[in-house]
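Presented below, as structure tokens, is a lone chain in the form predicted on its own.
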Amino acid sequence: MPSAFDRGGECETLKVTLTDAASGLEAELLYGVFAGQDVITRAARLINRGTDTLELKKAASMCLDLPSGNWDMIHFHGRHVMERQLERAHLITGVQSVLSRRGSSSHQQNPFVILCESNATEDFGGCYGMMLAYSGSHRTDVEVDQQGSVRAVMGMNDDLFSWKLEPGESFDTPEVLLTFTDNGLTHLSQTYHRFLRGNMIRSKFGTVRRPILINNWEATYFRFNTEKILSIARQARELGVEMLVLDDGWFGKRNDDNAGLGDWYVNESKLPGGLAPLIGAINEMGMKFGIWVEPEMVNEDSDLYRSHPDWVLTVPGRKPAVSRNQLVLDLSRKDVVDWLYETLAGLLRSYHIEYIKWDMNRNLADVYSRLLPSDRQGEVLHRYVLGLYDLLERLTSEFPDVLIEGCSGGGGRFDAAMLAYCPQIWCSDDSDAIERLTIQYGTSFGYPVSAVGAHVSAVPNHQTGRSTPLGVRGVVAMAGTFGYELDPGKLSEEEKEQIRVQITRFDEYYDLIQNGDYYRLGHWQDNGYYTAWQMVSSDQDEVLVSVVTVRPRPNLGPLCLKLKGLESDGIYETVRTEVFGSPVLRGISGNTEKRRFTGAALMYGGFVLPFLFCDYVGVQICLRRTERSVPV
């Protein structure tokens, strides 16, 4: 299974061995100590040293006891198009559970929990972080006993789980990434951001610059042909976009979501001559080419299902539970994984594909494998995840130059383990800028900006019907990997020029956004007005502040933002202040007037903005340190 790796030669591992004499079961508790990162990893290996077959019914990865304290639990719940909604509640006596039974880390509950002191804030207080590196069903139980002691247990979900352990065999649990800080939630988040970027993401794209892309999905859905895709590519290239991603509908008899999944050959009625001439034409424009796949799924109306109905998760004798008109391939089977590997590898060997959007659009149900005997059906969910990791491991090993973006109906499989193979994950199918503020806010508590797939989409938004200014959509998407999900042929000349400027700005801020320290400066659900965040470079020289208003109100005073993470004695100068979406304040946009502040003034006095008038206003402020300290 994916696990943290030691990049700098600093990690030490402590192994504690426990033995149950009665059963012959041996447990190795594995503690990986990344002292310089303030992270301890914890996993367990269970070994059958006896002579009889054992059956594991539960195999957690971590148990943490806090004998005293006054604690809150923070977890991140949600649903499709509304992922990772932060919820904070005081612990009650008894057991509280955060879990997924859906076969994946899920939209509903992320496998990441924080226990923090009840008075903890962004900048103060003790916080314990627990993040499970696992992409399947998971469970965290937090119990407060009669004496007020707290116990947290995290690992795989034991519901529907059992595992036969023959003599001499071993079983490994997923790894938990643990950290503690007494400096509040921001410090905890930054620790996870650095650790995931540096010690979980193995792809070269963890550090190599990623291209700005345009995806055709919301521009065309299933209705496209070669000329339409080339038209999108040509116009996007003129705006500065670097990659065209061809989404769903390019394969099999795929004209809607009723058919074709599993038939990974080109639909030549849409793309005459196949992919080769299309990719060649796009490459000749100077653009890269990427493609969408959903390899874990199959439609009943497909050649694959007609040939191999036994390859899907279904219960014999029962009508299968179909969701989104599709069934789930049984990745617990090696023959299925091998077929998928050869099919996907064949695509990558045959065509110049530099990016894959890997989707997975339903939960697992009818969890039954035709290859396993009845007394081993409890192994299917975990074997499915192991099959997925095996498939991704083989593909990323053979094709290290292909960037894979994970996706599961948006952010339904957003976890640390997937980041080992997919350095970015589509954050949510909800691309509405205002909804994304909350989704990306919750995501930021554990996961870095560089992992957050985010695009500027068309308006009215296809999920909410809301219209927001193009500049505001750009500000929000720049808190992620950045790209576009629209038809450039429907843009005005003014909008096209705005996109050219957006791309120029993102290029300028790229390293700061992807690798800087992230600070949350406020969320509209708390202050009723705006959401703001800030990026600071590791040397504290570069600063980017972003603000989006959500609910303007009359007779408000100026907005004073207290910045964070600066050198108190340093001199910071404004490079640029840009305002989007407010005709009243439009004259400020592009302002290059040099205003100078000490870091202390910005952090303790604040940066003052005028009342941000209009429905949705976005602001970006770029500052640069010009002097290390105040002149004597």
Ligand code: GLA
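From 1 onward, residues are counted along the sequence shown. Nothing here was measured: the structure is a model prediction, and the numbers come from that model.
From this point on, the text means the form predicted in complex with the named molecule, which you will not see here.
The named molecule is not shown here, but in the predicted bound form it comes within 4.5 Å of a heavy atom of residue 426. When contacts are judged by a 4.5 Å heavy atom cut-off, residue 361 counts as touching the named molecule in the predicted bound form.
Looking at residue 103, you'd find every heavy atom of it more than 4.5 angstroms from the named molecule in the predicted bound form. By the criterion of a heavy atom within 4.5 Å, residue 488 is excluded from the residues contacting the named molecule in the predicted bound form. 409 is the sole member of 387, 409, 469, 516 with a non-hydrogen atom lying within 4.5 angstroms of the named molecule in the predicted bound form.
Contact with the named molecule in the predicted bound form, judged by any heavy atom within 4.5 Å, is made by just one of 324, 202, 520, 500: 324. Contact with the named molecule, judged by heavy atoms within 4.5 Å in the predicted bound form, is confined among 302 to 310, 372 to 380, 241 to 249, 554 to 562 to 241 to 249. Annotation for 287 to 304: the only interface residue with the named molecule in the predicted bound form is 292 [heavy atom within 4.5 Å].
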